[in-house]
Structures are given as structure tokens and as C-alpha cells.
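Starting off, we have a lone chain in the form predicted on its own, written out as C-alpha cells.
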Amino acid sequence: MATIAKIDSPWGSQSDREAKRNSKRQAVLDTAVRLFNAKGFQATSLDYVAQALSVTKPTIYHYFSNKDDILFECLRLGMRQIQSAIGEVQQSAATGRDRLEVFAVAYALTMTQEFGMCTIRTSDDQLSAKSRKEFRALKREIHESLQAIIEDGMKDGSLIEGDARLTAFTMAGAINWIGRWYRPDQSMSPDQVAQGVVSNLMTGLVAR
């Protein structure tokens, strides 16, 4: 069989094409999440997203089937950032108190970023039943991990004794609410917000 000489294809290599596709897909998500946070999910049509990207709406359908798919991926990315922080502290041999503080700061920082904000500013009732079930499972997993860290701190004496489940709900509620009130153009930086909120929360938890 004759060998076919390779030429420089105008389509590029398979890896190049995948990288470009992923880049364009991410651009859709970055644009959509900003609009969801600013205008609300219901008020943000795919026409708005396409217009902001200077493309046609059919172009978006090359990357996502519908608006629900886009919203779920935005929420999943926000959850993934929090899960990443959990993974880091679970590998640590530090006290429960120290692990809780590190995780809480990372969690709070996520709530100052677009995908983190979206998990709070958009009700999961907007999702399809299948996506909503998966999203809520991710939320439960994060809550259980937070509760486990708090329980560890109570056991090792670095945190005051109490109801770990209630403490986890209280801490998560306070941190999640950052996603509601934080604005990037305000005087405090994301780091200042995260450190300040977590410092206030830890004051009532640390064993003396």
C-alpha cells in the first residue's frame, strides 16, 4: 500500500482541534455564568449569550444541548472548586481546627468568583430533575465533608464541643451568603472578604 504524504492540514491536529473546542466551550460558560449572575437565569436567553460572544445561537448548540446543560455545568464547576479544597485538607495531618480554617477560606474565596456565586444566586429548581438530583448530591457530599472536619476538630480538642451538623450548616450558610452580597467592584478584595468572614466564624469555634 502506498504511503500517503502528510501535509500541513488547515484543520490542524486532533489535539489542536480539541483544545480549540474546549476553549470555545469554556468561553460559552464564562459568558453565560456572568449573565446568569447579573440578570438571573430566567432572564438570560441563549440569544443574549450568543450576542455577548458575537456568534449565532446555533453556534452554542455545537457545545451544549440547551440552557439547562449550560447552567448545570456552571453549577458543577462551582462545586468542583469547593471539592478541590476538600481534597487538599483531607490529605493534611493538621488539627481539625487548622484544616477547617484552610478549607473555609478556600470555600469563601470560591463564593467571590463567578461559578461559586452561581451556585447561590441561581435556584437549583431551574434545573431539570436529573441535573437537580446530581447537583444536590454534590452539595450533600460537600456538607458531609465539612461536618467531618468539624467533628475531627471537636474530637482532637482544637474546636469547642457541640453539634457538628448544626455547626456545619451555620458555617456553610454564612460562607454561601458571600455569593449573594459580594461585588467585585467593592473596596474589599476577595482575599480580605474570605479571611475576614472566616476569622469571625472561627472566633466562636476555636477551643480556648
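A quick note: this is a predicted structure, and the numbers were derived from the prediction, not measured. From 1 onward, residues are counted along the sequence shown.
As for the form predicted together with a further copy of the same chain, it is not shown, yet the points below apply to it.
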{"query": "a further copy of the same chain contact in the model of the complex: Thr122, any heavy atom under 4.5 Å", "finding": "yes"}
{"query": "Contact flag, Ala19 vs a further copy of the same chain in the model of the complex, heavy atom cut 4.5 Å", "finding": "no"}
{"query": "Residue contact check: Lys155 to a further copy of the same chain in the model of the complex, 4.5 Å heavy atom", "finding": "no"}
{"query": "a further copy of the same chain contact in the model of the complex: Tyr61, any heavy atom under 4.5 Å", "finding": "no"}
{"query": "Listed range touching a further copy of the same chain, judged in the model of the complex by heavy atoms within 4.5 Å, from 65 to 73, 159 to 167, 26 to 34, 52 to 60", "finding": "159 to 167"}
{"query": "Whether Gln83, Ala94 and Ser128 all lie within 4.5 angstroms of a further copy of the same chain in the model of the complex by heavy atom", "finding": "no"}
{"query": "Stretch 28 to 50 - residues with a heavy atom within 4.5 Å of a further copy of the same chain in the model of the complex", "finding": "Ala38, Lys39, Gly40, Gln42, Ala43"}
